[in-house]
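Next up is one chain by itself, shown in structure tokens, the form predicted on its own.
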Amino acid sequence: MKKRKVQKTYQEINEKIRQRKVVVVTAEEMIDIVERHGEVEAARKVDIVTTGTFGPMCSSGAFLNFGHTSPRLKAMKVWLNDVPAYGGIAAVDCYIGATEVVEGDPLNSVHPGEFNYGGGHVIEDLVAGNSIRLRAEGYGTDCYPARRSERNITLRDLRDAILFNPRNAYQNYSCAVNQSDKAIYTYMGVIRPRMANANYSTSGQLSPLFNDPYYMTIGIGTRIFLGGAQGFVAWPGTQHNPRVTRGENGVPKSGAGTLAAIGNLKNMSPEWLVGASMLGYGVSLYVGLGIPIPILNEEIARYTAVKDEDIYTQIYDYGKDYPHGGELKSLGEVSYKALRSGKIVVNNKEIPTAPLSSYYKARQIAEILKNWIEKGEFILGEPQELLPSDGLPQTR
């Protein structure tokens, strides 16, 4: 390995933040800087690159502690606005999952076409300050004699509320089409028959893990933008799989990395945690997440200049191949530049594209994070252990 010409530390960059001397740019801005000045000079000029993504992240949820009743109750079954939460933790703790649906009519079959309600909406209602109906049941013990409790609560009434998302910020995600003869209703939205549309869900060149493809700066303890507040990377996300085919500049061509994220729900905003109803599928939660990438050297500077035309993903048939499991057969690769253009060509057919994620909101997150850092309100968190890369943990 050749010797790096630029080498910075977290401590040096954080001191610049405290002194208001730090240079911060967004991932979009970094593309032009590297093109004009080269990666070495860009690494000298820039200290931090901010990223962002805003899209449905099904593997999300919140731990809630709703406090003891009188007499005390060991809540084994819990519902929040009739959405079941998992109560098998402790007496008055529960976990509400983003994709849990209201009990009794998960797909709203009585009123087809109308929105269904679930855990993602409960989380949004809580951060919006709305009242939630809490219902809890127990079996009665000597120390917890009560068997039932029901009351209205708000986020302020909760002793603790912790957003904990086991799998967020997927490094890359597939493009979904449907070669069957009927419309299908999926977590990727409604996909029309005979490849009449193509849906995708990643913010491309702004997406956090595309800007650090080998996780050289991201790991346990990394401070992030999460749901409108400051949060942390808690662990590698479920399904984290860095051993995939990579293209130019290390960018993976399929799923690859994920992260688990944690933060104080009481500090978050309904602008950045939004319940979603997927017609015919169920519910999810749109999560706003952004990561600052410290420019420790010119190699990282080069990675943060990744462009949509250099990022490729796989096109999969969600009508025939996906439901049956097993290894999916790619119908081809497509760049994010093509996806964001509004149309792609698959098997000689032009297909309109639509994103589930919001590039506009991702850009806002990168700008907000940039502003926080420039004002000295956000200090970099140095990871205690980096996310596993190529299957091997990277210990600092």
Partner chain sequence: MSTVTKKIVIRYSADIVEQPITCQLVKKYDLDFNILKARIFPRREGVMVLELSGTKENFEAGMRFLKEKGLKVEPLSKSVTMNVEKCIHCGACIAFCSTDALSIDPQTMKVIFDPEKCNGCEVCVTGCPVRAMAVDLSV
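From a predicted model like this one, the values you see are computed outputs, not experimental measurements. Positions refer to the first chain, counted from 1.
The form predicted in complex with the partner chain is left out here; the points below concern that form.
Which among 151 to 159, 83 to 91, 196 to 204, 292 to 300 is in contact with the partner chain in the predicted complex, heavy atoms within 4.5 angstroms?
Looking at the other structure, the answer is 196 to 204.
Have a look at 276, 251, 268, 260 for me and say which one sits with a heavy atom within 4.5 Å of the partner chain in the predicted complex.
Of the listed residues, the single hit is 276.
Identify, from the list 146, 190, 220, 216, the residue with a heavy atom within 4.5 Å of the partner chain in the predicted complex.
Among 146, 190, 220, 216, a heavy atom within 4.5 Å of the partner chain in the predicted complex occurs only for 190.
At the 4.5 Å heavy atom threshold, is residue 116 in contact with the partner chain in the predicted complex?
Yes.
Does residue 328 reach the partner chain in the predicted complex, with heavy atoms at most 4.5 Å apart?
No, residue 328 sits far enough from the partner chain in the predicted complex that none of its heavy atoms falls within 4.5 Å.
Answer for residue 26 alone: is it within 4.5 Å of the partner chain in the predicted complex, judged on heavy atom distances?
Contact with the partner chain, no.
With the partner left out of view, is residue 353 within 4.5 angstroms of the partner chain in the predicted complex by any non-hydrogen atom?
Because a heavy atom of residue 353 falls inside 4.5 Å of the partner chain in the predicted complex, the answer is yes.
Out of 352 to 383, which residues reach within 4.5 Å of the partner chain in the predicted complex, heavy atoms considered?
Going through 352 to 383 in order - heavy atoms within 4.5 Å of the partner chain in the predicted complex - the hits are 353, 354, 355, 356, 357, 358, 359, 360, 361, 363.
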